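Below you will find one chain, with nothing else, as structure tokens; this is the form predicted alone, and questions on how it binds or moves follow later.
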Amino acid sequence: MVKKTLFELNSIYRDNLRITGYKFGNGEPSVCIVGALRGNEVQQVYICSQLIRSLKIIESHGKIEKGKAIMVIPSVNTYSMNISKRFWPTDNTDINRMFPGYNLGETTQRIASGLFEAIKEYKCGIQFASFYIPGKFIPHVRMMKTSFEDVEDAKKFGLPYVMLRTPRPYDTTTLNYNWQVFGTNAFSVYTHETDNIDIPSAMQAVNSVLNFMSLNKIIDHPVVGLNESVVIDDKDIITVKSKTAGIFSATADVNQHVLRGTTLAEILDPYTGETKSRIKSPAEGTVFFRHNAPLTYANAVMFRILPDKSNRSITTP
């Protein structure tokens, strides 16, 4: 293993920002794994740390294939992580909305540019991503539909689902999208948590990346926990929102099968404890995402339901 600084940004008032990478093997830039681009992505850093531990053992046993190089970058936005802030501290901008970056631009554009220049030559790119809403997902791998996506390769992670996402205008400045359009086969892996560590889903993510590298003959490692991935489109997912603000009390969890009309959660009055509204499932299917913050606003996304295959033409009421 070689530890190296991929990019450094000078600072006037505190230590310099350094993006640190851990390189395994030598030769063709085969796989680059990026953890936290945001300051609250603790789960993503933890997954990278466990992946680094595994790769150190694999490398020590000579199990990285000859002529293959792997890079793991646990955290990019360490300034924000040090103060528990999601976005860049001084201007609240999101590094993952700045790619491919601009080395003469604003601070986060420069960081994105420095990172992208260091990793854009890798054949495959894996990002441990998080959702813009606090919540819990079924572990899955996600790809942007750019005409460069490789669904069969995504299945090699062995996660329960492969989701294809139609890019929206703001997606064109993400790492995943730019990796793909610059020739890298890019994947985003989602697990249960972001701000907190969930060890079972973290280890599932670690094993999924090891599965991917093993099946692509980058490492020599046993394939474990391989699911036959179901390919879905993000347009299939039904978004369920809250009609009122209050305390969020969930009665359904991710990966739970629910019937149409099943109560998924109650919104409680913060002062009296009375039920202000009940959130019900609009279709029979599986809970794919669940909001997990204790309070909610009106019209906020609370659940995302993957309807059973026969019901996927249903739209949100």
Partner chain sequence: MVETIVSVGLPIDENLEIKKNRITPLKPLTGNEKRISIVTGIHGDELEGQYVCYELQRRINDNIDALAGIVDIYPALNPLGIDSISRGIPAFDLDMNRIFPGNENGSMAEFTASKIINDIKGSDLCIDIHASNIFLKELPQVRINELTKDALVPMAKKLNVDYIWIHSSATVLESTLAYSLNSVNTPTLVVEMGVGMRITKEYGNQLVDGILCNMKELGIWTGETCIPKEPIISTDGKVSFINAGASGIFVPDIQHCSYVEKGKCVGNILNPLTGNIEEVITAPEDGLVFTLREYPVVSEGSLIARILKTETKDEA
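Positions refer to the first chain, counted from 1. Remember, predicted model here, so these are calculated numbers, not experimental data.
Just so it is clear, the following notes concern the form predicted in complex with its partner chain, a form of the same protein that is not shown.
- Using a 4.5 Å heavy atom cutoff, 90, 271 and 296 all lie near its partner chain in the predicted complex.
- Only one of 197, 203, 164, 245 comes within 4.5 Å of its partner chain in the predicted complex through a heavy atom, and that residue is 245.
- Within 4.5 Å of some heavy atom of its partner chain in the predicted complex lies at least one heavy atom of residue 104.
- A residue is said to contact a partner when one of its heavy atoms sits within 4.5 Å of a partner heavy atom; residue 169 meets this definition for its partner chain in the predicted complex.
- Although the partner is absent here, residue 140 sits far enough away that none of its heavy atoms falls within 4.5 Å of its partner chain in the predicted complex.
- Contact check for residue 123: no non-hydrogen atom falls within 4.5 Å of its partner chain in the predicted complex.
- Only one listed stretch (184-192, 107-115, 215-223, 140-148) carries heavy atoms within 4.5 Å of its partner chain in the predicted complex, and that stretch is 107-115.
- Contact residues in stretch 6-35 (any heavy atom within 4.5 Å of its partner chain, taken in the predicted complex) are 9, 10, 11, 12, 13.
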